[in-house]
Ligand code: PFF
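The form predicted alone is given below as one chain in structure tokens.
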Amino acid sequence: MATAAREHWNSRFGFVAAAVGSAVGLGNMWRFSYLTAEKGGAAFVGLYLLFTAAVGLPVMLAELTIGRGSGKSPILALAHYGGARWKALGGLFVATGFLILSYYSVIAGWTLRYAGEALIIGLPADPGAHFGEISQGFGAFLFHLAFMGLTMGIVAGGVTKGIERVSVVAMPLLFVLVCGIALYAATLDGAGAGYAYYLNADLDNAFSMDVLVAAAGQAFFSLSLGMGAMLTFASYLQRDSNLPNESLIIASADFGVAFLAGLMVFPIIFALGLSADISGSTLGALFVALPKAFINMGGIGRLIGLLFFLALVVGALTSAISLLEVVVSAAVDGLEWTREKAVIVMGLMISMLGAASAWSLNILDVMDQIANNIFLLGGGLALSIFVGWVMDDPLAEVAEGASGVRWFFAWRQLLRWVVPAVLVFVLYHSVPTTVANIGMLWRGE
């Protein structure tokens, strides 16, 4: 498909909303706040921001630069700048998006079910038992299919009439919901204990190996890097877009939602005396402790629970849209399929792969570890090497639309030295655990 025929965003806000939607997902709503509380509070936040500046933003700007410059999906974009031998990296991005969406939509299906139940029949009396029943099996598979169908319908509408139209409504709605619930949580008796737990300043453990790996990994994962989503969305940008500014806005919005989510979740949990339910499990906070808290609130709890799970659905949907778009765009560009055919074929294939996660939480967990601890980090490492060392004059490409920026040289040096060092460090500490878990699943342990 010729570049001239490629769709473009109708507005800058449309692109930013879609890109923020890609970055802001379920991980922002529970993973960031949980890690913050468990790994040093304010100290973890400081490390996270440091790694975002040193690793996350440089890689994001690299993806945006390649996407806008080539005007192509990941496989052809890498070939455009590096030749055929770099198609494999683009293929890894597409495969990563394919894999992540297959199990992510299962988790998103849970949020869809909880939102529907909160609206129609109310939240379950025993959230722990209920989650055990609905998180695996035929019901989980059906809601996985329902969520995939919703995602496919939006992506089939195209960049402007589908993705952009939904994103410009969904992202402001998400911010309003999160801010509204956080403000309500601040009024609860005992909310202060939740804030204290969330933002404790544990400087003694802040620079332990475990915390450093978690902060670096979260800074990379939370921005939807290493899967080609930002690259793909940038391929629909006009040439005069200011990529550094867009990167800062996306990263700031992503952090803002993640930080606010903690101000929303922990005061509610602690105000209702349910702090023990979050120990040892991020899912425990999201699908067990919070529903218990909403039930204990009485009548207002049903409304707050509905709004909370609606926010989760919105965040999950905007991220899923970007994941499917990576795969669809690659099929449209590389196989010359129509968008409708690509959505149907690839969407059904992803749905079929997701069936395994719908029937087994162990499979879901291992898929998540493979994607996050190996594919995303490996893809980001290769991309930083590509732009830092292989790509011809990326500084000229990124400077278009952003002339006068003096730190572009530092950007390439970060990609050459700092980003690879940090990602190798995280890979070194995460891959052995992932491989061990794969072995345990294979042996049926």
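Just count from 1 along the sequence shown to find any residue number. All values derive from a computational prediction rather than experimental measurement. Think of the rigid core as the biggest set of C-alphas that the two forms share within 1.5 Å after superposition.
Although not depicted, the form predicted in complex with this ligand is the subject of the following passage.
Highlighted residues Y34, A182 and A261: none comes within 4.5 Å of this ligand in the predicted complex, counting any heavy atom.
Of the candidate stretches 118 to 126, 235 to 243, 219 to 227, 190 to 198, only 219 to 227 has residues with heavy atoms within 4.5 Å of this ligand in the predicted complex. Interface residue among S73, T151, S319, S105 relative to this ligand in the predicted complex, by the heavy atom within 4.5 Å criterion: S319. For the options L323, I250, V257, I269, the one in contact with this ligand in the predicted complex, meaning a heavy atom within 4.5 Å, is L323. Using a 4.5 angstroms threshold between heavy atoms, S384 stays clear of this ligand in the predicted complex. A residue is said to contact a partner when one of its heavy atoms sits within 4.5 Å of a partner heavy atom; G27 meets this definition for this ligand in the predicted complex. Heavy atoms of A23 reach within 4.5 Å of this ligand in the predicted complex, making it an interface residue.
In the core-superposed comparison between this form and the one not shown, F386 has its Cα shifted by less than 2 Å. A movement of the C-alpha atom of R31 reaching 2 angstroms or beyond is seen between this form and the one not shown when the two forms are aligned on their rigid core.
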